[in-house]
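Only one chain is included here, represented as structure tokens and corresponding to the form predicted alone.
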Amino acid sequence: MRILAINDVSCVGKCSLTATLPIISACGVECNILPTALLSTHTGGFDGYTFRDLTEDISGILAHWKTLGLEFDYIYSGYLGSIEQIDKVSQIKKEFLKEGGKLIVDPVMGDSGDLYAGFTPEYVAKMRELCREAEYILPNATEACLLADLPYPLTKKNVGEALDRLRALGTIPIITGIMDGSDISVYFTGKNGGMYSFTHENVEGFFCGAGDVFASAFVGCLARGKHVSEAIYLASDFVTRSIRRSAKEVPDKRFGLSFEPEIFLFLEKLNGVVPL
């Protein structure tokens, strides 16, 4: 079983590939990476960070991989810094995804109702097209509104409409971060429709990297053969426990979630040592 994770490398901050690689590897699955950018830190609250776009390196990497005959069972994409990089993911799916393999897209574009700096409506439209090629997409509430062309915020009253619109793209949507009072939920649909959710008590604050931890755990669980609903539950439980720990133990939340101590119980549940 081989996974390709396409995302940026933020050297400090425990997000993107620096979260994905250890989590998927801990699941017992080989994780290969394709960096889209190199940053000294992530952009969530740090000033003066360095940023290097790696688009020019991708073609050479893919050409080398072709000579090796590489194929992947799962391809998971996260931060893509340009429309050109979105096109690259489509190319990678065509050339490197095994027959019967799955593309999983985390459409990293925005948060708290706003697009990230540098992204445009044209980028949103292109990301929507990539989502049409994916088996599963993992938008947060902001990204779900952008993709479904709905006003923000998204609540449990209108999340069903967002799921329907995203499902019409031909994918299975899994929307994270839906707030309802003191609760926070992840909503998703099954292959045959219907709406399902898992709900946890919300922890106040902004926790950098939470989406990457959720997505990485979800992909790792799928690759281990878990049903999609089990994978969502395990991932949401893991990230929730990591957030609770971080709220108590991490003074500066910019440096990411304290997921490492929680990974042991996550793996015990994944491996069936303790019940879900």
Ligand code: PXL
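So that there is no doubt, residue numbering starts at 1 and follows the sequence shown. Keep in mind that what you see is a predicted model, and the values were worked out from it rather than measured.
There is also a form predicted together with the ligand; it is not shown, and the following applies to it.
Partner contact region in the predicted complex: 205-213, out of 229-237, 23-31, 65-73, 205-213, criterion any non-hydrogen atom within 4.5 Å of the ligand.
For the residues Leu163, Leu147, Val186, Val108, the 4.5 Å heavy atom test against the ligand in the predicted complex is passed only by Val108. Shown alone here, Gly44 lies within 4.5 Å of the ligand in the predicted complex, counting heavy atoms only. In the predicted complex, the ligand sits beyond 4.5 Å of every heavy atom of Val250. Taking the partner from elsewhere, Tyr196 is found to have every heavy atom lying beyond 4.5 Å of the ligand in the predicted complex. Heavy atoms of Ile58 never reach within 4.5 Å of the ligand in the predicted complex, leaving it off the interface. Although the ligand is not shown here, in the predicted complex the stretch 144-177 places no heavy atom of any residue within 4.5 Å of it.
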